[in-house]
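In the block that follows, a single chain appears as structure tokens, in the form predicted alone.
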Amino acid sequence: MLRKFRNLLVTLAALLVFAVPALAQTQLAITCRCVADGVNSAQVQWLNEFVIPEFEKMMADQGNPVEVQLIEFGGSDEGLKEQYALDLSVGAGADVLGFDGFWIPEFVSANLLKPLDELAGGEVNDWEGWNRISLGLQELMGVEGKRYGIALGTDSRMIFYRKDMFREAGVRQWWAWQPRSWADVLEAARMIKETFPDAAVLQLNAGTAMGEATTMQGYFMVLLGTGEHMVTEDGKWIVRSPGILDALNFYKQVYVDENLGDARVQLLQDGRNRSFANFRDGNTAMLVEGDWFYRSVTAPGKEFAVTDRDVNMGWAAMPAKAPGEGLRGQDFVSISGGTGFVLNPNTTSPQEAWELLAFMNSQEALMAFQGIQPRIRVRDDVPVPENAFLTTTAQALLPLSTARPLAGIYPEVSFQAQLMTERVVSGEMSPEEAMNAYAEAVTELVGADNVIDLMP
């Protein structure tokens, strides 16, 4: 009997030895707007094939086993933002969240995010990666000097154009077209419209349905060309100005006066995808977009892949209204954003979640991502490997670029800018009426002391 009891104890002890690690294993989850063989599929591949297995191995080697789950979200950016707002407000959500940098001020002002070092401790500030990321790029995922996340990369915006349509229309220097003014853009659009009368020649995002894509790829790209930004250097919101009026008149000329673009596309919920399909199918000759349009949307094998892309597709810098009239006196303009990952303040494993975030942004992990999808990374020790497009556009456009206002109220002001463009392209209001409605709405949002009227 005693021997049997001893054997039972030995068996129980052995079971406990194997059971303890399983019980102690930390569970982490990552959410991003990414779907295998769908939107941001390269990110899914990187996370599943490199980040998760390599991080789990590293943590196991350190005696702190971790299991990481990837939660794929296939909806829209706005849908993901709404899901995050709901999850964070009730203490739910994954530990590491894929986030657009411009959402951060709004979430911070609602007390739904916390700084990284407040969540995971002072070790965050000792991370080796901060020395490889410029302060400006750190601010892509921060507010008022505090870091809330780390950007995976940054971008630039430009005009993409169909060389084949330009060639057939007889546009000068179609193989390396570079307009010097808005007039040059319109001249090329008119020539192409004569050759392709049924085409929606020029796509400049407008309307509320396209969300932030309207503000960044549309409104900002013309507003900056007038020499103005949304805010003054001292942070006042510009609500009426010659620049706003010029930008809206450009929209009116494109969509209402000359029918160079398809106004209906701007008003549909799937309008942005329709604009991609129009470009793919040769029904749009010029489309103002970010560099991801080349590296992801139109890439071979994708839904909107352009046949013989590097033969039929080119890019040009967005010109100011006229040479020297752009922001800071520039001839050309661009604007940059950044997406990355933040930590969920509701995580029950903040140290491990931070270690995962830091690992995702290590040189080793980002170089692995470059092998899957080359792009401009925020770390200066992660070059773009053998990608002439990204190298050339980064060198040409990032020095000309600017960023959105880092203010919690920005998304609401941005919506009003989208609505302003929608009212013009739909014909609901004149540019003057739309600007006045914008001025009234933004003044109500931010207060009369925080706006400025620049109209003479």
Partner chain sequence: MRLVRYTLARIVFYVTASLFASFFTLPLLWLAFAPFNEKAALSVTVPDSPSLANFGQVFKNTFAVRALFQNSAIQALGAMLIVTLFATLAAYALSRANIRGKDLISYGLVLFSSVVTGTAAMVPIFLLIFRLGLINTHLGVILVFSGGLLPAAIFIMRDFVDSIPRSYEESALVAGASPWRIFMDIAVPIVRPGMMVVAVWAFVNVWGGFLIPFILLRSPEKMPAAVAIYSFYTEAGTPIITLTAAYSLLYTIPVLILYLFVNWRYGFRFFGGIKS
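Numbering follows the first chain given and starts at 1. All figures in this text were calculated on a predicted structure; none of them were measured in a lab.
There is another form of the same protein, the form predicted together with the partner chain; it is not shown, and what comes next is about it.
Shown without its partner, this chain lists W174, F304, F359, W130 as candidates; in the predicted bound form, only F304 has a non-hydrogen atom within 4.5 angstroms of the partner chain.
Residue in contact with the partner chain in the predicted bound form (any heavy atom within 4.5 Å), chosen from P242, G79, P300, G371: G79. Put simply, S401 is far from the partner chain in the predicted bound form: not one heavy atom of it is within 4.5 Å.
The closest heavy atom approach of N40 to the partner chain in the predicted bound form falls within 4.5 Å.
The shortest heavy atom separation between L86 and the partner chain in the predicted bound form is within 4.5 Å. Interface residue remark: G74 is counted as part of the site for the partner chain in the predicted bound form, having a heavy atom within 4.5 Å. The partner is not drawn, yet in the predicted bound form one stretch among 88-96, 186-194, 326-334, 378-386 has residues with heavy atoms inside 4.5 Å of the partner chain: 88-96. Across the proposed site, Y219, N249 and Q253 without exception lack any heavy atom within 4.5 Å of the partner chain in the predicted bound form. Taking the partner chain as it sits in the predicted bound form, the stretch 158-174 never comes within 4.5 angstroms of it through any non-hydrogen atom.
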